[in-house]
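Before any questions on how it binds or moves, here is one chain, the form predicted alone, in structure tokens.
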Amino acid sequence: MLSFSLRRILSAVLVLFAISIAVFLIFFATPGVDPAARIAGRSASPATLAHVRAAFGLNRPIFIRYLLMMDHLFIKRDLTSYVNVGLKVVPQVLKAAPITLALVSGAAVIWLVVGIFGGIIAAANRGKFIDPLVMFIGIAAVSVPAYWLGEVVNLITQSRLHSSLFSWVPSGGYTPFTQNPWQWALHLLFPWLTLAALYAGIYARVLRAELVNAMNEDYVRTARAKGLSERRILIRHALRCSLVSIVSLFGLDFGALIGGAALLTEVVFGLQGVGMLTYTALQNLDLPVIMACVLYGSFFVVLANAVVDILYAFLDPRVRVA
């Protein structure tokens, strides 16, 4: 298991290195495009362009330019936005990251608990009324766009019923956990529920299908022949094998959301996370911020996949020999 984990971690490091090279080449080595003009933004003065060329070594060999850019991003961390003059790129990303991490982590706990519980309930009551009911609720939740659901939640909690039933709900925004844990949770409660609604339905449907298939496997028949109860077979035997698909799905979803895919929820609830930061940078063509956000998102996607591979090997020892 240790050897497998080390191989996966090494693979993740190599993938991140390859991604950093690809991002650098796309942003700073595109034929026919002046990278200094990209970094400096629209309407940059000749003096600013000259400063950018000198700071990033744009007249030097390409591998030197790559090393200088990685040095500005990860070692010195002094890469500056030329659109928002004077703002450092890395501190902007580090300031936005905890907001996105708090949003996605809280929502992930909710959708995992609800999704796994819903999948187990549906599988345990297969053929009964509760099975199609849970599946209907799941597909309805999957079909509702996050931005629409968020707007409806805001309309109810912040407008029509705010003065009576939802007077305890604070206005949009974010309060750091270290500043006030209670207000932190209150600000994120409805964003958590909104983001979790989509994924809980997906996970319930996937787990239900996996459990139904697992209950027809040979090892389940053997457990039945030994006299084990259906509940024990479902929880102790079928659920563990079925969770492999959930772990794989969760790793992809969590990594993508941490990397900025929770943009719509952040916009609706006024959360200045990585998704919002990336969206603003794209609107302003703020290349240094865009590049930093892309590398940040790539890091979490690759990290999540590496963790998923390790958990997959823990749940199914057969993959360790791959």
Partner chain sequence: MGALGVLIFIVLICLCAPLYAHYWAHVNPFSSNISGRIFINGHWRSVIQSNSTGYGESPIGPTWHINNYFLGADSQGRDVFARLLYGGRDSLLIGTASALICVFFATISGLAAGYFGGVIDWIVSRMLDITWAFPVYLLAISLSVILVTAGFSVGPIHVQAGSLLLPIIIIALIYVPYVARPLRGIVMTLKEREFIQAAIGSGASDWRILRKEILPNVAPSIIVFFPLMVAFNMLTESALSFLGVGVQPPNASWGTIINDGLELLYTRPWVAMAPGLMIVITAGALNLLGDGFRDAFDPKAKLRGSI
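Numbering follows the first chain given and starts at 1. Computed from a prediction, not measured in an experiment: that's the story for all the values here.
What comes next is about the form predicted together with the partner chain, which is not displayed.
- Under a 4.5 angstroms non-hydrogen atom cutoff, the partner chain in the model of the complex lacks Ala306 among its neighbouring residues.
- The closest heavy atom approach of Val206 to the partner chain in the model of the complex falls within 4.5 Å.
- In the model of the complex, no heavy atom of Asp131 sits within 4.5 Å of the partner chain.
- When contacts are judged by a 4.5 Å heavy atom cut-off, Leu264 counts as touching the partner chain in the model of the complex.
- Taking the partner from elsewhere, no residue among Phe74, Gln179 and Cys241 has a non-hydrogen atom within 4.5 angstroms of the partner chain in the model of the complex.
- Among Val113, Leu165, Ala225, Leu155, the residue placing a heavy atom within 4.5 Å of the partner chain in the model of the complex is Leu155.
- Just one of Val142, Ala124, Leu193, Ala185 comes within 4.5 Å of the partner chain in the model of the complex, counting any heavy atom, and that one is Val142.
- Only one segment in the set 231-239, 101-109, 245-253, 114-122 has any non-hydrogen atom within 4.5 angstroms of the partner chain in the model of the complex, and it is 245-253.
- Within 4.5 angstroms of the partner chain in the model of the complex, the stretch 46-77 places no non-hydrogen atom at all.
- Compared with the form shown, the Val23-Val267 C-alpha separation decreases in the model of the complex, the change being 3 Å or greater.
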